[in-house]
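What follows is one chain in structure tokens, specifically the form predicted alone.
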Amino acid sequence: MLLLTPEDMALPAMSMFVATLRSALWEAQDGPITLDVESLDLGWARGPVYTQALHTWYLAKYRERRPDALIAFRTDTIQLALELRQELWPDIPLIVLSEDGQLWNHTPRPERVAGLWLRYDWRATVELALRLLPDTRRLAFVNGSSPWEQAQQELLVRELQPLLAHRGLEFIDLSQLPLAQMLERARTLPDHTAVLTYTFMTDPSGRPFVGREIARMFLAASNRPSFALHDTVMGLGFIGGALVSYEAVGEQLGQLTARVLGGAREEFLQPLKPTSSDARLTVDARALRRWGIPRERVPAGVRLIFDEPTLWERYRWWLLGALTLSALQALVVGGLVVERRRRMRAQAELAERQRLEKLAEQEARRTLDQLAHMGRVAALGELAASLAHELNQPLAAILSNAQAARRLLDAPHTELAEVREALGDIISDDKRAGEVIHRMRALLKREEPRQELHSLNDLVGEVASLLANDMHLRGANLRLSLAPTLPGILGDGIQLQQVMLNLLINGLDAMTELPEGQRELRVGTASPGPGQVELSVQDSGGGIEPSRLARIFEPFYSTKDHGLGMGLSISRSIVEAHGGRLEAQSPPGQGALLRCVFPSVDPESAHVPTPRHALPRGR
């Protein structure tokens, strides 16, 4: 078989067409066939001289080689094939593929010719462009300048004229332009322009081109969306069109040829049958995205190619998962940051509150120390008369002993032993007066509280000595009942003695109304339980009314006419500051009983400075 093609086999459309045609013949013949292919290059060469040369050459070449059938593609090739067959093999069938549907209307009608009509659906392509680009106002057309291309353009204008008129579209003709001018026009096309391309085999100067390469250059230069008619250029950047599949066309023509060779009765005198590939509308999804055309505009039934999912569509669930995980991580981190800030703020507030509480505590302690000092001064003021009397006694004794010693020294026969005895009395009385002054100074001193180990019995003894003269002046008896052995207590000795002084003075005041001889103040120490020592002071006065027991420790509450009501309040604060408690009881008919309970300290385990007094084992 001999196949005449209009263009070079290197063109993708020709190559695909011939390959599928040969494959279809092989399959139909159930074996190898010989298919001679002759490329006439009618697009790149033209003129009667070239046509006559072809005619002469093929007559010489095939005069002795009779094919079983002659196959021709395209109208200009068909004409040459008819002439060759007429001169060489008038009885062999001719199978044609023509883009001219009216070929059969020509006269005289050729005999033993069967074929297919390859229809380029310009209108369907333009209507598709208008659906995708509804604002289109202009249609630009790109085409070559060869005679066949110009003939095709006349068909296109004739077919599209009604549509252009109906839609009011301006037609911009980019054919008949040299390549450089055509590309320049493509860069400056006005808005709302759609471009329809066909082929571009030669320009007006006759310079040959490869249509696929020109299509690539045009798409790179064009500023407007373009449509095509050949499926071999899809993927370069065209949006789509009613594409002709040369693969399908070659297969159909091969099947038709096989049927003719097999003796099938084909309607040789009937018009050409259209190929089944007509109006196969196709759209490139990537080109849609490039030009920002919504996919919703793609008509139903249109084939969508290169519809590769976007990164979002392909990895949507992974991305959603990653975003969700990132959001959760952000929430966790945010929560941790908020929690950390809240915790830091709470810690700062707690530190500030602790600082303020410490300052308040220090201020309260300073106030308590000041009040305690004022209380000691007030108590010593009350004892001023008895202290003066107590000091007056040793001073008077010192004066008397000094006078006696001088008389002894003036006597003629002085006994030195008597003088020595008088001087010894002077020294003893001086120490006695010094001891009284020492105790007064100790109580009047205002120092920072010191934590020292003390013997409760010693502290009681010093206070009793200080009040001994006042008790004598008031006609009261002091009865001490001290435990023979007591553990030590830790604290400030001056403050503890102030508590004892307050309790004893209160007891003496409570017995003022009693007749002399009935005024008895009982002071005792004990260890009521493990780790505890107790001081009790009980007077023989009228006691405290039960309704007043709960209030006697309140500040500024006093049962005395001249009292400030601060003594017991300060005493209770001092006791509690030493970890103890101060309680008041009023047994019926037994006066008032005040009990101080302190925590005891083991002297061997207590890490304290050197005690002021050594702890006695008993008294």
Partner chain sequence: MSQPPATLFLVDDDESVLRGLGRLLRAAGHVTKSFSSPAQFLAQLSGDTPGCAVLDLRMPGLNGLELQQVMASKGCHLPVIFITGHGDVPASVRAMKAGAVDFLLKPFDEQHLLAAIEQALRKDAAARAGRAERAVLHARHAALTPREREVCTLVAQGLTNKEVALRLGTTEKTIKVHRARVIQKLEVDSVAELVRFVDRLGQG
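Values in this document were obtained by computation on a predicted structure and should not be read as measured data. Numbering follows the first chain given and starts at 1. Think of the rigid core as the biggest set of C-alphas that the two forms share within 1.5 Å after superposition.
In what follows, reference is made to the form predicted together with its partner chain, a form of this protein that is not presented.
- Although the partner is absent here, Leu160 sits far enough away that none of its heavy atoms falls within 4.5 Å of its partner chain in the predicted complex.
- Its partner chain is not shown here, but in the predicted complex it comes within 4.5 Å of a heavy atom of Gln393.
- Contact check for Ala422: a heavy atom falls within 4.5 Å of its partner chain in the predicted complex.
- For Arg342, no non-hydrogen atom is located within 4.5 Å of its partner chain in the predicted complex, even though that partner is not displayed.
- For the options Arg112, Arg259, His389, Arg131, the residue carrying a heavy atom within 4.5 angstroms of its partner chain in the predicted complex is His389.
- With the partner omitted from this view, the residue of Asp121, Asp492, Asp429, Asp100 that lies near its partner chain in the predicted complex is Asp429 [heavy atom within 4.5 Å].
- Between 402 to 410, 293 to 301, 212 to 220, 542 to 550, the stretch whose residues reach within 4.5 angstroms of its partner chain in the predicted complex through a non-hydrogen atom is 402 to 410.
- Annotation for Pro412: C-alpha shift of 2 angstroms or more between the shown form and the other one, rigid core superposed.
- Superposed on the core, the two forms differ at Arg519: its CA moves 2 Å or more between the shown form and the other one.
- After superposing the rigid core, the Cα of Gln403 is displaced by 2 Å or more between the shown form and the other one.
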